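Next up: a single chain in structure tokens, the form predicted on its own.
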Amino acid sequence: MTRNTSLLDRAAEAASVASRYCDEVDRDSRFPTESMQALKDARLMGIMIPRELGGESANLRDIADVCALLGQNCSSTAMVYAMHQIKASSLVSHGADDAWHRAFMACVASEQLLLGSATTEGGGIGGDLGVSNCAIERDGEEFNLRKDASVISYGKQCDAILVTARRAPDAPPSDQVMATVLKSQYTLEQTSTWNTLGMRGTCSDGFILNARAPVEQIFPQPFAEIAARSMLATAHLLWGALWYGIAANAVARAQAYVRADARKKPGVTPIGAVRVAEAANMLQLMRSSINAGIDKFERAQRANEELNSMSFAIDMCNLKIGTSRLLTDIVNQSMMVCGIYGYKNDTPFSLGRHMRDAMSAPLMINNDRIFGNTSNMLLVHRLDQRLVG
């Protein structure tokens, strides 16, 4: 499939803005206001929305390309954009036949709205997306919801939040729904601050969310179906794409360092050259894995039985684990090449921000949790041992 060059040209302009402010965003742990405004000015927020609703019907490969480009310049900007598009994928995949969500998609495209997510929760649940403590409480044609969200990424900055909860107060924790609530329909009471090692610009503070909205804003499908059929695969693929961007920039800095070293000693191969080759090899593995994952997801979307299969779920879980591990390995390898110049924060070869941001990757839907879920599936599912399948 050909790349959407017009879209990438617009994304490149926004990425150049992100590059100018990335160190400041990280240092001050502040939202990347300038780069997000640049993305809105470039009309990139609603590109996944169908054309008939004012979007561009961009496919996942196009959006992954944008995430990777942003990741090479400011990983916090890339993460905010990826999270927004993950929520947009839920709207497109599960709101197309719902009148309210179709109208809302048109608003996302026309007004370039930023979508947030409230799926994690306090009370011992943490990062387990498959269960909720809070519950939808219906009151005639409206519902009330109070959620103690341990994190809401860029909660103060988003224009709407897609929030998960139990279907009703008497529903079990795993019987969840997802609802879209607009900024005018909820209040946020901050309970914690986002003072972290990396990804500091995502501003993922903790909040108690209180919402009241019409029941028509609840998705008709169970959240388990939304997660399995669109959200988790999209998350793993777009996270992988922005992680690839971080890794690619780290390798580029290591390569630049080796080239500068080679110019100082003509005829002598720098000691770091072999490590750069090794890092480039891992980067290629990462790229191939993400592209293969996008291919598999696109095929699965055309075949419901594959999209719902254990083999597809296992493949997406393995992709997330593999790309998050490769990212940390690649950045560490690049740091070894650049040495003290990578360790310092004030050189062209600095990799401290890359390394700290990379450390978040294994924790986003914790790899141990994913391994636990995969191990349960492998008790009943036979691994596909074909080379080409």
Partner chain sequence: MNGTIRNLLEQHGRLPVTVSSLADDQDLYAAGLTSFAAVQLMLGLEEAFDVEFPERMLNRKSFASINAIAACLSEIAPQKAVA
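From a predicted model like this one, the values you see are computed outputs, not experimental measurements. Positions refer to the first chain, counted from 1.
Although it is not shown, the form predicted together with the partner chain is what the next lines describe.
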item: The partner chain contact in the model of the complex: Pro172, any heavy atom under 4.5 Å; value: yes
item: Distance check, His381 to the partner chain in the model of the complex, heavy atom within 4.5 Å; value: yes
item: Ala168, heavy atom within 4.5 angstroms of the partner chain in the model of the complex; value: no
item: Heavy atom of Asp139 within 4.5 Å of the partner chain in the model of the complex; value: no
item: Option from 249-257, 114-122, 305-313, 81-89 whose residues, in the model of the complex, bring a heavy atom within 4.5 Å of the partner chain; value: 305-313
item: In the model of the complex, the one of Leu182, Ala280, Cys107, Ala224 near the partner chain [non-hydrogen atom within 4.5 angstroms]; value: Ala224
item: Residues within stretch 21-46 having a non-hydrogen atom within 4.5 Å of the partner chain in the model of the complex; value: none
